[in-house]
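There is one chain below, alone, in structure tokens, taken in the form predicted on its own.
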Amino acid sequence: MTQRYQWPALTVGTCYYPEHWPEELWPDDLRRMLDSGITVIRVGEFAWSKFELHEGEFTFDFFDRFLDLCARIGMKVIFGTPTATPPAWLTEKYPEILNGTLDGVLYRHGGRKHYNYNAPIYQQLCARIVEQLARHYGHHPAIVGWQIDNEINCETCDFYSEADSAAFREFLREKYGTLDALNDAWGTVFWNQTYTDWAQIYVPRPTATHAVNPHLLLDYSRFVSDSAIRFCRIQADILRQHIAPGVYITTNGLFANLDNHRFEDECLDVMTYDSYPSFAFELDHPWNPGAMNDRGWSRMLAEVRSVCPHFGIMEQQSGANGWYNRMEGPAPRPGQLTLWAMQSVAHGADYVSFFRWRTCTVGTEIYWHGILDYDNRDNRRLQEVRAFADTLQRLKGVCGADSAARVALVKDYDNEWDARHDRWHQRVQQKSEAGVFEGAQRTHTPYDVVYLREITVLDELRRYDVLIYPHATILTPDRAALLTRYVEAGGTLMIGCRTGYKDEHGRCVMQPQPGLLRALAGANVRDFTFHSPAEEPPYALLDGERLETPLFNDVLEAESAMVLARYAAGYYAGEPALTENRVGKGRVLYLGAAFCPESTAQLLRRVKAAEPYGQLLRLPETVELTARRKDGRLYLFLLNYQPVPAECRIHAPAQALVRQETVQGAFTLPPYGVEVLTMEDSL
């Protein structure tokens, strides 16, 4: 993991589009931002035609005036490369740059992200515009950072152009060397898919069975990731040649079919993210009052932290979401704008930029509301932004603070991409990730996300007392060896059903599950099944208590492991459902099911990982607890996602940084309220 830049102080920003507004508004807008605590703006990411309205004819007058104004007034700028929306002259003259649908219909001009990464002419034209901008603005005094493109792999993370098929062949030729090796890896003997010429290979296309070779699909996801990273690296390499020292390169993610860790390593100095918790409240979504809802956005923030421990938010929700043709969402209620921004800070964001300064009056996003409304008057959202900026001044010690989690959810990109295409894998993976998150949240157990990569070393894992690796369907010898060393060194590993039955190509292996982890788990699988809807929900008994075992059940056979729980329903009633195997100084818990909130909470309590700060404070389930630490200080973030007060209790004196007082005993978080408690880090 390579993070080359960190913000020196907690910073507030916003996204601004000078091309959307009369020039006479610029000075007033910038001064109002500064008066509200906003010191950085992002500009330019959709403004290609402002620089190259006609092919090869470049002009900089418009942004020269704007950036010079920023420099005079004291506003800092993140400048976006404009490659997310190629201009009309480009798509009309070079239609080969367009992406398309699975059945070959090209996307047309008028939206965004309608290009493909692999058309040589698009790579050339993008490189040219980026070089022009970098040469002209690389040392501009207002610019502190550059954003590459916008939301890589957003709108779509699948690419079906002719250029993509040509690039896919080269990707595969480089990976496999020979068609014989590819045919073996992909199992093309099945359904007579054997290839005899590289030209016979395409990105996924429609088939009569509505199914594509799953091993091709796994490599296709790897290819899309590689294509996106190569495309961005073209821009990053150009920027590094021309921008001033200390100016950082970033972009805003995270999206599917993308190895975000490699992306940051090869292209970026720091990662930023776009946080829109009110997606949980969209009017066309089924409402579940007992679910995590906007609190569930913390799952994604933990993902971002796995890529970049001290990340930024490029787009933090400030108003209602919506395009004119989809996404109808309510405005943040009083307090929610601050709550969601502090949610980002709690999980590691040292820069928070609100989207956007003022709601656009034209185009697709006329209902994607910003801080200000169309009428440009001060409003309650601007008041909250000002108050949030003031609060961050009281949290100075938090900047650069690390996550204090001792539990981690383990993932890897092979299994991420396999679960995208394999429905059996997808169902258990989605169930378990949601279950682990909710179970950890309800027991106030902060957790990190850790991706196993080729460069992952044991010390990265030993920071955690407990690793939960729910469904490592694809398992490699290197990963199995690393996990074994972690357990032998004293770690606790939890695994779930469907572990270890595929190799790196997605082929099923002819050995008992959990495959390469069988010796470590001390158990194997004798039978397995999805739960039948015609039967009662499956469960097991653990120490006389009901242990939920939803969705899919592995019927385990203990070898060196001890049986902790047995199924209490189904044709396999009485058979092992949960085992524990002691290896070296550590242990492995093998749950033959998907994880759910209830089972996660039970297992975290069993291994004494739940409520790590329980001796310091007591919180209702409705309050999220997140912890950061730095320089011997512990910072505990308390976030109330409910429209009613939350009663909390702290057992020892602590500084409450938001309300600026010392608290002990009972205290109340107001509706949508936030508090940050700090104390000496003695844990």
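This is a predicted model, so every value here is computed, not measured. So that there is no doubt, residue numbering starts at 1 and follows the sequence shown.
Omitted here: the form predicted together with ligand GAL. The next part is about that form.
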- Should D274 be classed as touching ligand GAL in the model of the complex when contacts are defined as heavy atoms within 4.5 Å? yes
- Does T85 make contact with ligand GAL in the model of the complex, using a 4.5 Å heavy atom cut-off? no
- Query: According to a 4.5 angstroms non-hydrogen atom cut-off, is F46 in contact with ligand GAL in the model of the complex?
  - Reply: yes
- With a 4.5 Å heavy atom cut-off, would you call S353 a contact of ligand GAL in the model of the complex? no
- Task: Just give me the single entry in S344, N150, Q336, S161 that has a non-hydrogen atom within 4.5 angstroms of ligand GAL in the model of the complex.
- Result: N150
- Task: Please pick, from D503, E365, E131, D465, the one residue with any non-hydrogen atom lying within 4.5 angstroms of ligand GAL in the model of the complex.
- Result: E365
- Message: Please tell me whether the candidate spot formed by R299, Y451 and T600 is one where all three residues come within 4.5 Å of ligand GAL in the model of the complex (heavy atoms).
- Response: no
- Query: Looking at 94-102, 131-139, 172-180, 150-158, which lies within 4.5 angstroms of ligand GAL in the model of the complex, counting heavy atoms?
  - Reply: 150-158
- Message: Can you list, in sequence order, the residues from 72-109 that come within 4.5 Å of ligand GAL in the model of the complex, counting heavy atoms only?
- Response: none
